[in-house]
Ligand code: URA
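As structure tokens, one chain now follows by itself in the form predicted on its own.
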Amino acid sequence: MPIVDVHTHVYPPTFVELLRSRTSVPYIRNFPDAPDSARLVILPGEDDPSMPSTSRGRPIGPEYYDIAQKIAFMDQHRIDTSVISLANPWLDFLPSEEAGEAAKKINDDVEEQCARYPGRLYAFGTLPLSAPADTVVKEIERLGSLNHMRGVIMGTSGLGNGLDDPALDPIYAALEKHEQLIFLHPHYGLPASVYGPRASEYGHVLPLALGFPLETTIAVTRMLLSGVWDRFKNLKVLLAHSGGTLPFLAGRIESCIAHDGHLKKHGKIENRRDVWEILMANIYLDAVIYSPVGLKAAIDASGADRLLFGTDHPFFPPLEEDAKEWHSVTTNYGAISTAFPGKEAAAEDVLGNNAVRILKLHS
């Protein structure tokens, strides 16, 4: 049985160089009160000087950009294959005229890293979403010629106006045509004001634990309401963090749609695919949820055959200096084991077989 990690990030050297060259979010920098600790600052507002230094970004070491460290992490946690992807903020922040070339360089960088470890690394490519749509489509087509690419990673902003933006239709069409799966990952969370005036006292817990999952749920619901799934019936999307809160809220979303007078008046209730059909036909969920309760909701919503193991490496490392295994990984292993009592084959499918089949990896 292979173990395949589909949610694992890397900041390749070309991307690290780009972030180090910047002076505003997103960037890598050293703060005066922590001069020996380079920090990756990627979330809006993370560089507020009034915040404690430990809340400003996160320490960035070689585990973020040295691919040999990724392999060592895989060996340590019994992971046979990883499908690596650029982590947020991707390339959303780049000027339109620079994005296309930056995406090519980063994707070629990642492809070269995968080629160093045959059979162990595959990747989701990065799209130049701040560029014109035809530039994005060309990169989608080019990714199909790279041996190790198995789809693309996208954030929820799309071209800047969300994933229900009609301007994304040619991009969705190209992804559907070339059978490129989208790994949808949050980045912006929710406005900082929703967390209250004391939010900075709580580190990154509120935006990561609550903001990210709700961002994903909102993005997918906007796709549903705008008819993306009706226009592109074969579009495939892997949702990070077990779909955010989508499995739990799917019934409430459907009920609100069915009772909305505005949608009914404009003919958007009848003759549409509902969220339950899309969860079973178009959406895959990773297993990065850290509890059997969340996993069972994902299984009930989308099916055990559509659930894929992930670690979210290099984020959430253990805080203990002498820890050998990462708690974030062992917790996911334990949750999968608990969610499938007496069903070893189903657990093995989630740990690797599903990914091999869905992403067409080596057997």
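Just so it is clear, the structure is predicted and the values come from calculations on it, not from any experiment. All residue numbers refer to positions in the sequence shown, first residue = 1.
The following text describes the form predicted together with uracil, which does not appear among the structures shown.
Chemist: The chain here is shown without uracil. Which stretch in 22 to 30, 36 to 44, 321 to 329, 301 to 309 comes within 4.5 angstroms of it in the predicted complex, by heavy atom distance?
Modeler: Selected range: 36 to 44.
Chemist: Looking at Tyr122, Tyr284, Phe212, Trp229, which is the one with a non-hydrogen atom within 4.5 Å of uracil in the predicted complex?
Modeler: Result of the distance check: Phe212.
Chemist: Just give me the single entry in Thr81, Asn88, Thr221, Gln180 that has a non-hydrogen atom within 4.5 angstroms of uracil in the predicted complex.
Modeler: It is Asn88.
Chemist: Are any of the heavy atoms in Leu208 no more than 4.5 Å from a heavy atom of uracil in the predicted complex?
Modeler: Although uracil is absent here, Leu208 would touch it in the predicted complex, with heavy atoms inside 4.5 Å.
Chemist: Hey, in the predicted complex, does His185 get a heavy atom within 4.5 angstroms of uracil?
Modeler: It does: once uracil is placed as it appears in the predicted complex, His185 has a heavy atom within 4.5 Å of it.
Chemist: Check whether Phe316 has any heavy atom within 4.5 Å of a heavy atom of uracil in the predicted complex, and answer yes or no.
Modeler: Phe316: contacts uracil in the predicted complex.
Chemist: If we check uracil in the predicted complex, which of the residues in 1 to 23 reach within 4.5 angstroms of it by a non-hydrogen atom?
Modeler: If the 4.5 Å heavy-atom criterion is applied to uracil in the predicted complex, 1 to 23 yields His7, His9.
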